[in-house]
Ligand code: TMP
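Here you get one chain, nothing else, as structure tokens; it is the form predicted alone.
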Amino acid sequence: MKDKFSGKFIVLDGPDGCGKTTQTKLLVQWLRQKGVDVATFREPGGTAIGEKIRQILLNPDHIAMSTAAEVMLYMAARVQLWTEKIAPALKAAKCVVLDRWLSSTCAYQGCAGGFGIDHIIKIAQDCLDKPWPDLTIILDVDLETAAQRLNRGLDRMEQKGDGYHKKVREGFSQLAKDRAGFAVIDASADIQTVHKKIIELVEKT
């Protein structure tokens, strides 16, 4: 198992409220129990520069921020995380597991924000050595279920309306369709059921 996941890059992604943070923690725990050397980081964030960018991006006071500015800030934080943390971890034969990655920017800013998924992918290809993980698992959930799970103060991105978040969900679905290295899971079930589905996918990687 340790050799199988050596140098692998796995991402769990999906709309706000899909449970990806919880499921990422469970996956990391499961991998470590199997003896896998795992590295996990916050995205956006995970570096001193990335954390400052995160504060700007998610601050509800910054309502004037354009979609193009969002794209560039998310990508800047991502490039810094890749350079400082992810690339060295993969080179050290660790398994990197993240909650969010390029797929989020494609769904949120690319689809819902109207910037264009293809444009975002082009920027990523110009900036990142490895834009896509070995496996991206999209946790799909309907808006009503997602809203019920967000029982806390909402950040700037989460405060955008239902119409925006409906397009986000469509963006994730569009991105995963016929794209290698992607899988979609119904995340409306209970935590353990979803976790088992994730493990089944990961074991096939």
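Being a predicted model, the structure only gives us computed values, none of them experimental. In case it trips you up, residue 1 is the first one in the sequence shown, and so on.
The same protein also has a form predicted together with the ligand, omitted here; what follows describes it.
Asks: Let me test this: is every residue among D16, R78 and E158 within 4.5 Å of the ligand in the predicted complex, going by heavy atom positions?
Replies: Verified in the predicted complex; spot residues all in contact, yes.
Asks: Mind telling me which stretch in 31-39, 174-182, 139-147, 51-59 gets its heavy atoms within 4.5 Å of the ligand in the predicted complex?
Replies: Going through the listed ranges, the match is 51-59.
Asks: Though only this chain appears here, would R100 touch the ligand in the predicted complex if you measure heavy atom gaps against 4.5 Å?
Replies: Yes, R100 sits close enough to the ligand in the predicted complex that at least one of its heavy atoms falls within 4.5 Å.
Asks: Let me know which residues along 107-122 have a heavy atom within 4.5 Å of the ligand in the predicted complex, or say none if there are none.
Replies: Heavy-atom contacts within 4.5 Å come from Y108, Q109.
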